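What follows is a single chain, given as structure tokens, in the form predicted on its own.
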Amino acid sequence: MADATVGAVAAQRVGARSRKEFYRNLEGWLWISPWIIGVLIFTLGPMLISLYWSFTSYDIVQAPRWIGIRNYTDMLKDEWVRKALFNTFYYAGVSIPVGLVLGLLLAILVNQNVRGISFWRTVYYLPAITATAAYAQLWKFLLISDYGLVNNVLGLIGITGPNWGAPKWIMPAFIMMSIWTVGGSMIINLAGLQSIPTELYDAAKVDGAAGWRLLRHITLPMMSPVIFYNLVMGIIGALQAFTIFFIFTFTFDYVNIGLGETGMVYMIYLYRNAFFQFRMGYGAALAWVLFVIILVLTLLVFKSSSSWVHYSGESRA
């Protein structure tokens, strides 16, 4: 009889605990339900719709017509796709390493304990929070060949400034514009630098290390997770770069938008097809190919991280 009573009490406690956990879980799901609904409606939903459109011929006016993989096979024969991909990888291949190096160097510079350093941190970071459309328009005026500030400054030191809109100089101009936002990675690198234990530097200095050795054997290994993060974000951002290219090269003539072969990057070509020529199905296919490219490159970086990214406290065989 006593055993039965004890068992009943235990069952009641278990049931009460289960109900409490259920209501707690339900409350948690209710709190995050706005985010879940937003993701389903504004992210996953449009992605699935665009995936369907990529297999259709859709001009926005008429209903989508299923054509299978024709959009993807047409891309293989589209010479502009190859040119746009080349320009995009050229831009990313130069701007990403330059941004990583400058971001780290600036972080080391503003990590010094000197008077007024907070002011300089703010100065370097402010451009990173400027609206992209605003600074792209600013650079468009700065790089005007005849009276732009950049060429005028070059003229003061005896250098004839180039025509930044010419095929030879348009991509260097975009790369130079991309440096404008390096303050964002600088702040992230600065946080990483300040998290490195000072005891490591003190011990290395006792052993006679200084300068380049401290940077190579302590700073860079300890900063590798931050560099890894900036690299991944840089790849995603550079391959999807659109605003600076669009504003700098915009024309109401959709054939020439992108300033021809050298200024036509992938996102501009995608935009031109989808919203100027109203080939929405083809544009969706272009978007999904870019998604796969970014996914593959990101996975490769993650795969390689085990050989060069060092996390504090982990042991290596």
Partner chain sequence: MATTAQYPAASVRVTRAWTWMRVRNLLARALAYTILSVGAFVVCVPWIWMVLTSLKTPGDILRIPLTVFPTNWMWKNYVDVFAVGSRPMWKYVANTLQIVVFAEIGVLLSNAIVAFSFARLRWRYRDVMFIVVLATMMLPAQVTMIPIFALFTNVLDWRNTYLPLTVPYFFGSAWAIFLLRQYMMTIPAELDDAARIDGCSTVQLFARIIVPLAAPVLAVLAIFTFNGVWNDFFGPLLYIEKVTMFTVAQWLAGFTIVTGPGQMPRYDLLMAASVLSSLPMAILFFIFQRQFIQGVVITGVKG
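Throughout, rigid core stands for the largest set of C-alpha atoms superposing within 1.5 Å between the two forms. Numbering follows the first chain given and starts at 1. Note that the structure is predicted; figures quoted are calculated from it, not measured.
Unshown form predicted together with the partner chain; subsequent notes refer to it.
This chain is drawn without the partner chain; in the predicted bound form, the residue among Thr73, Ser224, Asn163, Thr243 with a heavy atom within 4.5 Å of it is Thr243.
Contact here is defined as any heavy atom lying within 4.5 Å of the partner chain in the predicted bound form, and by that definition each of Ile129, Leu149 and Ser185 is a contact residue.
Put simply, Trp288 is close to the partner chain in the predicted bound form: some heavy atom of it is within 4.5 Å.
Although the partner is absent from this view, Ile159 stays clear of the partner chain in the predicted bound form, with no non-hydrogen atom inside 4.5 angstroms. Mapping the unseen interface onto this chain, Glu79 falls outside it, with no heavy atom inside 4.5 Å of the partner chain in the predicted bound form. Taking non-hydrogen atoms only, Ile67 never approaches the partner chain to within 4.5 angstroms in the predicted bound form. Heavy atoms within 4.5 Å of the partner chain in the predicted bound form map, among the stretches 167-175, 216-224, 188-196, 83-91, onto 188-196 alone. Of the residues in 95-113, those that come within 4.5 Å of the partner chain in the predicted bound form through at least one heavy atom are, in sequence order, Leu106, Leu109, Val110, Gln112, Asn113.
Shown in the overlay between the shown form and the other one, fitted on the rigid core, is a CA shift at Asn25 of 2 Å or greater. After superposition on the rigid core, displacement of the C-alpha of Gln112 between the shown form and the other one amounts to 2 Å or more. Relative to the superposed core, Phe291 shifts its CA atom by less than 2 Å between the shown form and the other one.
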